[in-house]
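Given as structure tokens, the chain that follows is alone and in the form predicted alone.
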């Protein structure tokens, strides 16, 4: 059974909508800037990948705005795009339509503001809990469209979006759904979140006056990741049914692999990453040397980028030198639970267009990062099989393989 992608939607720091996002990615546009949504002067990391022109009032009523956290609003915006792109779902029974969404933090904006109100002895807004709960974004998508099938939320830190897409693939393969809205969403450009990552020494702090150059995966002077926000949504269907309803097909989602490295709660582990990539390749039924492109996890941390490079070399051997690799996070920052969903869209667009977006800010590579990371400029290459990696806190590693339909 072949599962295909028939619709996509994205909200990101470099653009909303597939065309705007992809055109900016191909140009190597940076979406990193000084934090504007709150006073960040007291933080050591004062930059982020922000979505500055997002207006949820365009598609939500005043009452719905009151009931939704920003992460759910971003997901709804991307889902609206993806379902419009996919075309009418009226031929499907509502109970055969599923949602599988990932978010690492959930409604953290509401959590933070509500906690502040509580400490000030102020009353709680009535929808505090529904706004905070991580499954609210998936629930809002289902409610808007009347999708009455399985409704799942995956929270595995930075691999949340990848695992949610993988769970969507499994729902279709096992016959538990006919179509799945799958992806990830995150909105945690917030004082508490940033302070927490600062305590782990995970964030970039040396580029506050030069934010566009702060996110620099694989580069010599990288000093941590830049936090970002966004959402990416895919519509997944069985190929035969998609063809019957005349849907356009972007790519086949051919394989999914996940593995817990069970090594450390925050430090990356090469063996777990190799296991996830290998599982995805085996699930896709292809050989490792058939992978042409990897959308790397590549957060721009000193240790993480080296470990991922070593994992790729360990698994692919000499073929690793022939694989084109790029890091979407170099332009949008690390969008946590949304990162692999947006990375999957970039991977699919690479297959669909024959263009590979660059890893920007890669003027001088780390000597231990010695593969082809598509530095600074997009390249044209016909890709038959692409992989998207996502490696998260908790030792959660996930990889997805997409192929030409």
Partner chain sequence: MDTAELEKKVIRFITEKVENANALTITGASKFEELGLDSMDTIQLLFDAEDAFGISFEGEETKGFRSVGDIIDYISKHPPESKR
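Positions refer to the first chain, counted from 1. Predicted, not measured: the structure shown is a model, and the values here were computed from it.
Absent from the display: the form predicted in complex with the partner chain. The rest refers to it.
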From 364, 53, 66, 39: within 4.5 Å of the partner chain in the predicted bound form by heavy atoms is 66
Taking 4.5 Å between heavy atoms as the contact cutoff, choose which of 176, 144, 117, 310 touches the partner chain in the predicted bound form. 117
Could you tell me if residue 123 has a non-hydrogen atom within 4.5 Å of the partner chain in the predicted bound form? yes
Report whether the minimum heavy atom distance between residue 127 and the partner chain in the predicted bound form is within 4.5 Å. yes
With the partner left out of view, is residue 61 within 4.5 angstroms of the partner chain in the predicted bound form by any non-hydrogen atom? yes
Want to guess which of 366-374, 23-31, 66-74, 347-355 is within 4.5 Å of the partner chain in the predicted bound form, heavy atoms only? 66-74
What are the residues of 79-106, in order along the chain, with a heavy atom within 4.5 Å of the partner chain in the predicted bound form? none
